[in-house]
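Next comes just one chain, in structure tokens: the form predicted on its own.
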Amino acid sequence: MSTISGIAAAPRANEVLLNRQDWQERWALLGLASPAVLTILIVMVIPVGWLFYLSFLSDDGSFSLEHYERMLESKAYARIFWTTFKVSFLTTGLCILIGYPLAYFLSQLGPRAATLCMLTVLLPFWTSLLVRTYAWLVLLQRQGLVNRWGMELGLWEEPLALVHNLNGTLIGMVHIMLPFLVLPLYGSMKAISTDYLKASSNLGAGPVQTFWNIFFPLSLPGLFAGALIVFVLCLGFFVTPAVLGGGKVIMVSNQITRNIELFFNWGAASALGVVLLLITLGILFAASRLLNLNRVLGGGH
């Protein structure tokens, strides 16, 4: 009888031992991850939580929803959000129109030539964003090189308004955002097996038909990834609209700065930041529901 009891107790002892080892491993992993978790808590969670807290404080320090109510009632805030989305959509569209042919061209080159050309795409990353923005201001102003050369070549008679408006803002933002679209798109295109293209050609399809039926669909994950990155980054852009927009292109980030610097209203600025954060998260959530983000952001097929 004692032998049978010992046999029955053995599995329970093993189960207890395994559970204890499992908890020990979990605590060990938690200890290893604690520096990273603490860093994220200090750098991200606490500042965002503080932002939420400030957005619910009125001017007299009491709890209120007046900042959110003002955004719903004011037409000025509606125009600001409309401008933000319009600039983001236009920038993303122009990056797609320019970046897709560029990425396709790079994907068709040999390894050495593709590497050299890719350096020109990555070159803007090695230059300060502020320097690039002011460089465009010098080039596009009324007495800048673009207007001067255009009039000397007879392309137009009077200087064009290329800065301090939407045109200059889009030019600067497309230049800055283009690499963020080209890089994932180029990676997606290089991952397309040439066997698919050869099989399509062997079955009688021409180059155009092969491109639209085979190559283009397989490159869509990289295109969606790049477009999503560009659009989300454009929502929070500040320097380029402030410099090249000349105060005429006011996006959400510019209004946040105004609320702090001109009115010293941290509550209104925090409410704008919270709304912009929620909009960004909503876009990412909608993209995750409509698309397979693991495939899109990974550029797989």
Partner chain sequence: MNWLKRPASETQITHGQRLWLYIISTVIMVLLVAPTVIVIPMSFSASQYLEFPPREWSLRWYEHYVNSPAWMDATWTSLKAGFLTMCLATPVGVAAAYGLHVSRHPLGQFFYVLLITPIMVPVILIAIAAFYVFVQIKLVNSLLGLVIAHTILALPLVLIVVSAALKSYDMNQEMAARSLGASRLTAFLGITLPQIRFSVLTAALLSFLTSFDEVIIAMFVSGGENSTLTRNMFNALRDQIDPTIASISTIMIVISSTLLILSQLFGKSRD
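Residue numbers count along the first chain shown, from 1. Bear in mind the structure is a predicted one, so any value in this text is a computation, not a measurement.
Here the subject shifts to the form predicted together with its partner chain, a form of this protein not shown in this document.
Checking Val16, Leu277, Leu290, Ile283 against its partner chain in the predicted complex, a heavy atom within 4.5 Å turns up for just one residue: Leu277. Though the partner is left out of this view, Trp82 does not reach within 4.5 Å of its partner chain in the predicted complex, counting heavy atoms only. Interface membership of Ser58, defined by any non-hydrogen atom within 4.5 Å of its partner chain in the predicted complex, is ruled out. Mapping the unseen interface onto this chain, Gln141 counts among the residues with a heavy atom inside 4.5 Å of its partner chain in the predicted complex. In the predicted complex, its partner chain sits within 4.5 Å of a heavy atom of Ile98. Along 167-182, a non-hydrogen atom within 4.5 Å of its partner chain in the predicted complex is carried by His175, Leu178, in order along the sequence.
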